[in-house]
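Just the one chain here, laid out as structure tokens, in the form predicted alone.
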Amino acid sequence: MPTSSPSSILTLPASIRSLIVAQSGLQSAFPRLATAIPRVGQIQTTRNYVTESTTAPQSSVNATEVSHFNTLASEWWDPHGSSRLLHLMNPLRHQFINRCLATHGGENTTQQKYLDIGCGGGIFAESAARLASTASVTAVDPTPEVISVAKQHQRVDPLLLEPGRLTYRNIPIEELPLPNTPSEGFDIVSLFEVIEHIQQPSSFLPNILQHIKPGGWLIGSTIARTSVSWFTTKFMAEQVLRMVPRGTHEWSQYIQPTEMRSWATKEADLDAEGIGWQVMGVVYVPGLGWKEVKGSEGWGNYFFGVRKNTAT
């Protein structure tokens, strides 16, 4: 099977991407780890991925993903539970957002409207809603149990109950009404630890862009698809250390930063050249938490940000 280009791989269903990854020879880039990594078809997970949606045919929702995260809902706000790594990563999310905004002089200078897609139990959504520079946060997730947990936790803080400050919706992004005009879109659309769980990113991502106002940012985080990331996220984090529940990730669905940028450069609405594209590699250091490591985006966890062109 021929290897797909970075621009085309995001158009493929997860099952086809798995076959391509299995034959692409990615493991050879890290020979010392290659012998520890089975071919993708042999990697054991606790989930079987399906392409059927739980809602409309064009929905990005995967029933197996929803079921998996439903089971984790009760531990979402336990800083030492299954979401521990997300709690520890949250400060870096804000750091990266500020870095992106600062490229065009926008850091904390205006009231920002956020759309948090795949919000889970609300770790990022709550923290964004508390910022003085935030006008509002809309947070969506198709998983009913985690949205229930998010709403319960919201009631702990009276600030978060102010009308319009933080709104949770138990829907897929496809069901969120589009803005009436471009200027009514969101300043920041966040996609943290979500894209690697989507079956067909190329149909999912353009739908998101419609919610971003001109000059706004799509900001997310995901994992590069390398033998190092398999060893750290699948073998060590899930199998050995049990820091992440087994089956949380499917390695073949990880996305290279080159693939993300290649997609972005082909979207006419996006400015993926120069400072309109930002990336930051991060590494989890036991005992110290998540740390920025320049260049690590090529082989592990990373943040990405791309700016929507301003109206002409």
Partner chain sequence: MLLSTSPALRASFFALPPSLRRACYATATSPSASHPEIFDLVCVGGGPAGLSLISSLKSQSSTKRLKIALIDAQKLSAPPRTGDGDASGTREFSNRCSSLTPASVKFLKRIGAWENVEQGRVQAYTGMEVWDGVSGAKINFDPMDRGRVAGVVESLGRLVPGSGFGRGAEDEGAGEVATMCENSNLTAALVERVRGLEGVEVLDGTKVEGIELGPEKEKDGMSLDLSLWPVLRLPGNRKIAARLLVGADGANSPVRTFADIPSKGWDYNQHGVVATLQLDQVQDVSAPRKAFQRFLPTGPIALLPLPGNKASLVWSTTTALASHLKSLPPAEFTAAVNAAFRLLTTDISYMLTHSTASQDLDWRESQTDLRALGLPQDFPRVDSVVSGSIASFPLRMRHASTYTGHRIALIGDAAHTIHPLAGQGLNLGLADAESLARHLAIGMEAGMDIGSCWCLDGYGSDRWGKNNAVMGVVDKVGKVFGASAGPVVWARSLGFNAVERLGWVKGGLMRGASG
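Since the model is a prediction, treat every value here as computed from it, not as a measurement. Numbering follows the first chain given and starts at 1.
Form predicted in complex with its partner chain: not shown, discussed below.
Asker: Does its partner chain, in the predicted bound form, lie within 4.5 angstroms of each residue among His104, Leu191 and Pro214, using heavy atoms as the measure?
Answerer: The answer is no; none of His104, Leu191 and Pro214 reaches its partner chain.
Asker: Gln154: heavy atom within 4.5 Å of its partner chain in the predicted bound form?
Answerer: Yes, Gln154 is a contact residue.
Asker: Just to confirm, Arg169 within 4.5 Å of its partner chain in the predicted bound form by heavy atoms?
Answerer: Contact with its partner chain, no.
Asker: Quick one: does Pro158 come within 4.5 Å of its partner chain in the predicted bound form, counting heavy atoms only?
Answerer: Taking the distances in the predicted bound form, the answer for Pro158 is yes, it comes within 4.5 Å of its partner chain.
Asker: Can you tell me if Leu178 lies within 4.5 angstroms of its partner chain in the predicted bound form, counting non-hydrogen atoms only?
Answerer: Leu178 lies outside the contact set for its partner chain.
Asker: Sort through Gln199, Ser136, Asn90, Thr226 and report the residue having a heavy atom within 4.5 Å of its partner chain in the predicted bound form.
Answerer: After the contact test, the surviving option is Asn90.
Asker: Answer with one of Pro182, Pro206, Pro144, Pro79: the residue that has a non-hydrogen atom within 4.5 Å of its partner chain in the predicted bound form.
Answerer: Of the listed residues, the single hit is Pro79.
Asker: Looking at heavy atoms inside 4.5 Å, which stretch does its partner chain contact in the predicted bound form, given the options 214-222, 82-90, 170-178, 136-144?
Answerer: Going by heavy atoms within 4.5 Å, the stretch is 82-90.
Asker: Scan 122-142 and note down the residues that get a heavy atom within 4.5 Å of its partner chain in the predicted bound form; none is a fine answer too.
Answerer: Sequence-ordered list: Glu126, Ser127, Arg130, Leu131, Ala132.
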